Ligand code: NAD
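In structure tokens, the next block holds one chain alone, the form predicted alone.
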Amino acid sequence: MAEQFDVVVIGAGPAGYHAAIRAAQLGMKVACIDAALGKDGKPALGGTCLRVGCIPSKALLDSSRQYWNLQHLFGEHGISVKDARIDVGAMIARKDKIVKQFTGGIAMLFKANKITPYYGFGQLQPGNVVKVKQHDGSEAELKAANVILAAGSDSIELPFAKFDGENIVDNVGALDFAAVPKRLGVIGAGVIGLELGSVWKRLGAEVTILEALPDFLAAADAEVAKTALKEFKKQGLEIRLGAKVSNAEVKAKGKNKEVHVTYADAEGEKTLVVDKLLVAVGRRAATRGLLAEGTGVKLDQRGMIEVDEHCHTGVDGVWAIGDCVRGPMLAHKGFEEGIAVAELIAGLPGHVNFETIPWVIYTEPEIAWVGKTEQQLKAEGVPYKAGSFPFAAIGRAVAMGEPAGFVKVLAHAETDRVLGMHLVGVGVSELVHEGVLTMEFKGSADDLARICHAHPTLSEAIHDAAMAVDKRAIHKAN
């Protein structure tokens, strides 16, 4: 007989574990199923984000940034170090320790909230039944009034560049190189490609990024993308745009192997030879095997679960959240959907505002934005005004030796309501939330301009950019 629950969640990634914990907080009996295993072969909750995504990549980004600054920035401060070396094994071990701390933390939260974990593969059956094939070989059957599908996403594999875990890798493999590759190729200049490319470039690799699109970071503000590209090139990242890859072949070279990458750009067909190749061309919903016949849950052409604005599938009591549904594949978007669905199930108002979800790329400089870009506003015919301010005129940024970048505020030309904020520079992953908060409260550029910002801080760039919207910035010519 199936064990009864109020809520069964399939997937313990950012969306799933938030949904499970919030549902438990609201007094429901909850089970959560997850198939992932850690490097030690034991169950590891937290999804791609905690195991092989957000958290481990930030650990390596921070380690590599320290090493880069030691060699390129500390001299300006009068600090000199001879023969600096990086112990890649120690760096990876530090990353693994952080991952284990956080995945273990989710397990502790489940225990504290009396959530029953199941370790294995869950499949939705008709009638809100979930069958679980557990890692120990046993099977379990669960029944719930509500089932939340939070299966997450997987890396997209190119048919001509199959992952082998050694020479051709996805983000998982690029987080675990045993040594700094002499030559690293990256297919895709998106978030993963830029972040992991930056990690290994800082540690000494020659990094070449091949991007099929003609424009760099087309989703970002054009000025932000232009500034970021300029800074990346200064760091030695080789970024080739309009480069369409057609083949990747691993060949032996003595006792070692190298990857020959064939691509074409405006000049014709070319070959790039590297030691390691990271394929970072996006992610797809991990819905294969998730649904049995007859559930009534529908998938679109990309394999994503179809849902309405409330994350409901149209099948009574079945919801879907996170990377396996429409919207950006961002952990924090999944957080909010998980909480919203749990609250809707409990009869409370639950809502996610997709207009105010921030985007962040944790490169150096960081890139962040929320809301509309100038190009979007122009395309939609929305009258707007813009104000920007450079970090080079911000005392704190200059004192830190990090003057690159700027903040741009976009406001409606008639109402002054903030429509977007776009940032590139040091620490902008934290600063972007001023834009999020202002937009959530339907604030204006004048509201931002009249809020006192401490001096000297990086946040003053936001204050001055907001003042520049109406051409009244103090620290720049208007």
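Just count from 1 along the sequence shown to find any residue number. As the structure is a prediction and not an experimental result, all values here were calculated from the model.
Heads up, the form predicted in complex with the named molecule isn't pictured, but that's what we're talking about next.
In the model of the complex, the named molecule sits within 4.5 Å of a heavy atom of residue 362.
Although the partner is absent from this view, residue 402 stays clear of the named molecule in the model of the complex, with no non-hydrogen atom inside 4.5 angstroms. Among residues of the shown chain, residue 396 is not one whose heavy atoms approach the named molecule to within 4.5 Å in the model of the complex.
Heavy atoms of residue 346 never reach within 4.5 Å of the named molecule in the model of the complex, leaving it off the interface. Figure note: of the listed segments 275-283, 229-237, 378-386, 295-303, the one touching the named molecule in the model of the complex, with heavy atoms no more than 4.5 Å away, is 275-283. Residue-level contacts in the model of the complex: of 179, 107, 213, 315, one residue has a heavy atom within 4.5 Å of the named molecule, and it is 213.
Residue in contact with the named molecule in the model of the complex (any heavy atom within 4.5 Å), chosen from 148, 189, 370, 311: 189. Residues from 38-66 that approach the named molecule in the model of the complex with a non-hydrogen atom within 4.5 Å are limited to 58.
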